[in-house]
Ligand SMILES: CC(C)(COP(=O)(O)OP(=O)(O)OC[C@H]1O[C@@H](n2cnc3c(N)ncnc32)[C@H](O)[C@@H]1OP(=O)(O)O)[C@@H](O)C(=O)NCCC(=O)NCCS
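Only one chain is shown below, in structure tokens, and it's the form predicted alone.
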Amino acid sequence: MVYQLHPLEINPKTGEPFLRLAAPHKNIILTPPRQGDQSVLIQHMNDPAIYGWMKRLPTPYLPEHADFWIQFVKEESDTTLEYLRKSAEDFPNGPLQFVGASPVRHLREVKEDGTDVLIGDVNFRRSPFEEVLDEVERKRLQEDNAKKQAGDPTIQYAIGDWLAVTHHGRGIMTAAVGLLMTAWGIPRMGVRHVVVHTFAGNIGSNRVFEKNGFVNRGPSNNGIIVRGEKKVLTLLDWKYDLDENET
């Protein structure tokens, strides 16, 4: 089991898998979602400094929204971990099996007493192809992309993320995106192409991705309406550099 979880670490007290950010953020870890995360999630999702930059978030964000979301993401994480457990039985000596998601995504700050607090989220998902203006073509691409098996190098991914306002400006999300991509996305999911969209003017988010090798392609106006307001998006994309990653 441990081998198929590589490179995740295991909390010796709880058995929970995690990834730890590198210094100077070694007190920040990525873990699976947990039942009980709802109350903190509600607090942050009702902060305009967070939801103002998010496309598909109900406002106000109510307990039923948090319950639905935690159930959804926890099921994805649990399913991925169960697949890895089964893979450990089927492939005890390898090779490492590709999976379709990351089982760890919730950013938590570990306190000196060992307790931790939820401060953010970062995750891969199949691309919504928001850069494609024709709705019929966009739906076709989404459906084709969704059918592809985990590890298929032609899958187009997106990344979603948020971070508590109290932790902005420290480089935490830049480090978290980089860790998720290099430690899990590339080797364990076969991620080779990622496209993200930010709201025009979201300089901080753009910098997070640019520092991780994404190329800013400029505005992408697909007519999206968010909470009654038309939004222009910025498109950033990343493609796996075979030469760079083989050296």
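Residues carry their position along the shown sequence, with the first being 1. Just so we're clear, the structure is a prediction, and the values are computed from it rather than from any experiment.
Beyond the structure shown, there is the form predicted in complex with the named molecule, which is absent from this document and is the topic of what follows.
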Find the only residue in Ser87, Gln156, Thr174, Ser77 having a heavy atom within 4.5 Å of the named molecule in the predicted bound form.
Thr174
Answer option from Lys211, Arg34, His193, Arg217, heavy atom within 4.5 Å of the named molecule in the predicted bound form:
Lys211
So, in the predicted bound form, is Gly114 in contact with the named molecule at a 4.5 angstroms heavy atom limit?
no
Using a 4.5 Å heavy atom cut-off, state whether Leu163 contacts the named molecule in the predicted bound form.
yes
Can you tell me whether His168 touches the named molecule? I mean in the predicted bound form, with a 4.5 angstroms heavy atom cut-off.
yes
Considering only heavy atoms, tell me if Thr182 and the named molecule come within 4.5 Å of each other in the predicted bound form.
no
Testing 63-71, 217-225, 203-211, 184-192 against the named molecule in the predicted bound form with a 4.5 Å heavy atom criterion leaves exactly one stretch, namely 203-211
Any residue of 45-63 that, in the predicted bound form, places a heavy atom within 4.5 Å of the named molecule:
Ala49, Ile50, Trp53, Met54
